[in-house]
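One chain comes next, on its own, written as structure tokens: the form predicted on its own.
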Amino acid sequence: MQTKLSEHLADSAHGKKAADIISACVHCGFCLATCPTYQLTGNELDSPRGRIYLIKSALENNQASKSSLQHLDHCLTCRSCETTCPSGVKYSELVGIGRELLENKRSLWQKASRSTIRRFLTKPALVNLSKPFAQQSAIKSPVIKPQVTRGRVLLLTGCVQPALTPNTNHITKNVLSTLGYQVDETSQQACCGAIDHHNAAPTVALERIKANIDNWLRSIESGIETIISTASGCGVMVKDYPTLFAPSDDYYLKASTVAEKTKDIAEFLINQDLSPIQHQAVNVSYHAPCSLQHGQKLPNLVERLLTTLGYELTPITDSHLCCGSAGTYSLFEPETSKQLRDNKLKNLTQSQPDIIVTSNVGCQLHLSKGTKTPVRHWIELLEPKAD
């Protein structure tokens, strides 16, 4: 698909990048079959191919309406289309450019409300205020002190997990300590930048991201071997850091180093000896977040790990489709988000599980609102054996 950029975009980095991405699209339509929003609406403008046409139009002649922006907003950026695409179209990068290009189509009310929510979610002091009535999976087991024999790792604490799902980080640290790792942690203020990046605040996002890169490089230089993420949404953001910089930018190589050092907790544990870890005798249903299977390209990883630990997992119908959480999507597109969540929970509860587990805090909190079945991070199934 060829693009003739409008004059004011012809020499811009965003314009050239978008044109290169669009040129890879061959109109095949494979993406339609795996797009959650197209499956619901049947409207091609709510599919990746349709949105690519809208972005192409905006790039070529600056013709874009509020309706075009709405179709981009309906996109979950789940990246299921990228998994399906035979041409390797970098759709998620393109839709980010498109949203930034069309942001001026928003009403002042939309801009204000979205900015308020974005600021709230990236300020730990405000998020922590919700702890008394929104916290899940509180810490119930003691801290295990590490007998360091393997090295040091850096755990991405996250903005929300310390307040609302603190047991995720707690169990992760206990598991890593049992395996012989010293665990350093980032501060709760060290947001990965995803919320800003996906909500039209690129300048703020880059400031956060550059600060993270500089701080984490210092940690790597001091002996940190791996950066570990337990929230797959944060993990995919960090692994995508290099895409935010031109190869000529000094931060490109720095971002590449950080991305190469970053692993999801399942990715880190899959080749470890987990014999010191015991599993619980419960019937489990696993929800694979889009950010892990499509974003990080790690399909079936957690399923393999849980099977190794002794869990019998029932295959989930439409496991490739999004649950509707998608960062702030559930707040801005509640009707579509709820519809996707209900569909997902119908499939997840078909085997009548005792517990639903997942790999991302956003999915966990979102799914919890639609079911009485407990929803937890899968790491909470692991409990180091007592000495």
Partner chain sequence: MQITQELLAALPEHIVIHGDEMTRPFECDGLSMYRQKPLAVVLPENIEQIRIVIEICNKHNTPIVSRGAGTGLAGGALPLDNSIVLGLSKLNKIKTIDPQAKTAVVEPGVRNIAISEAVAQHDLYYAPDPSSQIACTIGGNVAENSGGVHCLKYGLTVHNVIAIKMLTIDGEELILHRNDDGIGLLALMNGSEGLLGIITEVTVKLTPKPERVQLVMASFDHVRDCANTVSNIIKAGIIPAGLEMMDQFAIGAAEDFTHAGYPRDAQALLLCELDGDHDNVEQELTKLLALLSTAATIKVANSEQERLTLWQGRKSAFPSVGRLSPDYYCMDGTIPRHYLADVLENITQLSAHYALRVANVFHAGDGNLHPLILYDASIEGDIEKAEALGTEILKLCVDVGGSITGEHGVGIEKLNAMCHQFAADELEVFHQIKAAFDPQSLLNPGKAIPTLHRCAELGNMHVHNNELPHPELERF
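Predicted model, so just to flag it, every value in this text is computed and none were measured. Numbering follows the first chain given and starts at 1.
One more form of this protein, predicted together with the partner chain, exists but is not displayed; see below.
A residue is said to contact a partner when one of its heavy atoms sits within 4.5 Å of a partner heavy atom; Tyr53 meets this definition for the partner chain in the predicted complex. Contact between Cys85 and the partner chain in the predicted complex is found at the 4.5 Å heavy atom cutoff. Mapping the unseen interface onto this chain, Leu9 falls outside it, with no heavy atom inside 4.5 Å of the partner chain in the predicted complex. In the predicted complex, the partner chain sits within 4.5 Å of a heavy atom of Gln63.
Only one of 32-40, 337-345, 352-360, 322-330 lies within 4.5 Å of the partner chain in the predicted complex by heavy atoms, and it is 32-40.
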